[in-house]
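Listed next as structure tokens is one chain, alone, in the form predicted on its own.
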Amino acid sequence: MFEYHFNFTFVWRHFNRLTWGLVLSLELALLSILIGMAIGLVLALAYTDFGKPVRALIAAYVEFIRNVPLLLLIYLVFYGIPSIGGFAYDATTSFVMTLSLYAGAHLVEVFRAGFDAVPKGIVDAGKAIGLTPWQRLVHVRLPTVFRITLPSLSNAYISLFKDTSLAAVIAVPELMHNAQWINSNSFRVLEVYAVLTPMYVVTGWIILMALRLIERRLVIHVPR
């Protein structure tokens, strides 16, 4: 009977690859989230405040991105656009672009629902005290939208962090790519993924707890 003997020696010897890969994964996720939020906010605001032609364009972008697998988008941006446009960019830049566009398409719907849920009464109150449209957006609508959408944003952030593992297919040296390097040089599949899985789980849990803390701090307590 075949018996498998665990040996983590090679994994621990190159554990620094995993730690640096995790740092890069977090950087990719953070940068993509920030750009994606900017895209999502601008497009959600345009969808809410402008007419049908603008809404149709935004809806087309959202539907295209949401219905194409992320892996295919990664290949299209990394291989397709440079071959057509005649220019090149590195794998990390390509992946950040792709994940940002992907995040933006999903966050458009989150922020659009948030803008629709802003109570009309507080917007009217802003008008009554003489706030300009820009001031109402900055001081009334956006803070309310973030409070409303933060639970949904938390789920999106965790999902995007996990999606950084797909950067390995274009050789971005993040956590999954470095785990595959250790695996291909040691053939210790179980050992590599036995270490890799807790790294994703614990990091995702820490991100979730941090976001939950922010949620509790932003809760509006209504006096009884």
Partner chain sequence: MIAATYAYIVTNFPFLWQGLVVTLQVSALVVAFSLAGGLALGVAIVYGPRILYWPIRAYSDVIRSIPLLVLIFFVYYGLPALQVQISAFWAAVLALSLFKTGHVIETVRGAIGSIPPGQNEAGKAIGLGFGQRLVYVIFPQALRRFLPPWLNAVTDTVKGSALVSLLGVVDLMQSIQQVIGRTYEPLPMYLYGAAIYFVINYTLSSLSRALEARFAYIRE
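Positions refer to the first chain, counted from 1. Worth saying up front: this structure is predicted, and the values here are computed from it rather than measured.
FYI, the form predicted together with the partner chain isn't displayed, but the following is about it.
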{"query": "4.5 angstroms heavy atom contact with the partner chain in the predicted bound form for residue 193", "finding": "yes"}
{"query": "The partner chain contact at residue 117 in the predicted bound form, heavy atom, 4.5 Å", "finding": "no"}
{"query": "The partner chain contact in the predicted bound form: residue 165, any heavy atom under 4.5 Å", "finding": "yes"}
{"query": "Residue contact check: residue 180 to the partner chain in the predicted bound form, 4.5 Å heavy atom", "finding": "yes"}
{"query": "Candidate from 101, 81, 131, 150 lying within 4.5 Å of the partner chain in the predicted bound form - any heavy atom", "finding": "81"}
{"query": "Candidate from 30, 156, 46, 169 lying within 4.5 Å of the partner chain in the predicted bound form - any heavy atom", "finding": "169"}
{"query": "Per-stretch contact check against the partner chain in the predicted bound form, the hit in 194 to 202, 48 to 56, 22 to 30, 35 to 43 (non-hydrogen atom, 4.5 angstroms)", "finding": "194 to 202"}
{"query": "Residues from 55 to 76 in contact with the partner chain (non-hydrogen atom within 4.5 Å) in the predicted bound form", "finding": "63, 64, 66, 67, 68, 69, 71, 72, 75, 76"}
